[in-house]
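Have a look below at one chain only, the form predicted alone, in structure tokens format.
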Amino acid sequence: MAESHAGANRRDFIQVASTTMGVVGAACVAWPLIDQMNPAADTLALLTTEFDISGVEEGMSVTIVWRGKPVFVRHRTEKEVEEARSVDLDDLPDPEVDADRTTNPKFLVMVGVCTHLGCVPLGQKATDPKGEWGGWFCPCHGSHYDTSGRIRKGPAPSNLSVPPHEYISDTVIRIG
């Protein structure tokens, strides 16, 4: 009986050792496959963009690039802020309060891509048509945006999106 008990212990040890080696081998094969799915270093570098707004004068708009997309930064005038805040939400196809779109009412930060077909709306330059509400105008299909980037007229289904951003100082915005 002692011989069969010793054989059982030996068989149990071989099974445990084989299973352990199989799990370790599977992990060694799986790790590189999983790790290669992580974003590359150049992609990670594009996650955030910092921009100094101190050079953007009142009434001026600038375009910066974040994740390969244009981002509009507008230093709004007092009149533009008042117009954006006084809009009746019932008049908007995609109702959104101006205060929810800006962390600082003077500066509006938006992704400058029309929500209809991905065009870049006009309105950044002083000579560009700004649409009926003084914001942005997409000439491809006639979408009009107001001074808060909200859709007011045209086929665009929603407002210009506001990217995640924060003020890391009084004059620097981090987007992303």
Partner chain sequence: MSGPNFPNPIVRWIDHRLPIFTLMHHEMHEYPTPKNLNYWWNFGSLAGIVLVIMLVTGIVLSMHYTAHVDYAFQSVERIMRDVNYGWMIRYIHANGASFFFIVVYIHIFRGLYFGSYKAPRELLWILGVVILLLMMATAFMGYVLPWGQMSFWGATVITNLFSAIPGIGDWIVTLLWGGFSVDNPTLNRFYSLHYLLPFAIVGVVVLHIWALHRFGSNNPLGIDVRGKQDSIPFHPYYTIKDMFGLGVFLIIFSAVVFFMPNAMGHPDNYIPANPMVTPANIVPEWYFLPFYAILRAIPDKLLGVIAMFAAIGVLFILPWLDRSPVRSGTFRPIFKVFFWMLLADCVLLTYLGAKPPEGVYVILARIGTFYYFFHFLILLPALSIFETPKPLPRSISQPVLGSGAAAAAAAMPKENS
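This structure is a prediction, so every number in the text was calculated from the model and none was measured. Positions refer to the first chain, counted from 1. We call the rigid core whatever largest set of C-alpha positions still superposes within 1.5 Å between the two forms.
There is another form of the same protein, the form predicted in complex with its partner chain; it is not shown, and what comes next is about it.
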### Query
Is there a heavy atom of His116 lying 4.5 Å or less from a heavy atom of its partner chain in the predicted complex?
yes
### Query
Taking 4.5 angstroms as the cut-off for heavy atoms, does Pro39 touch its partner chain in the predicted complex?
yes
### Message
Residue-level contact is defined here as any heavy atom of the residue lying within 4.5 Å of its partner chain in the predicted complex; does Gly55 satisfy this criterion?
### Response
no
### Task
Flag Leu47 as yes or no: does it have a non-hydrogen atom within 4.5 angstroms of any non-hydrogen atom of its partner chain in the predicted complex?
yes
### Stretch 19-35 - residues with a heavy atom within 4.5 Å of its partner chain in the predicted complex
Trp31, Ile34
### Message
Does Asp42 shift between this form and the one not shown by 2 angstroms or more at the C-alpha, the core having been superposed?
### Response
yes
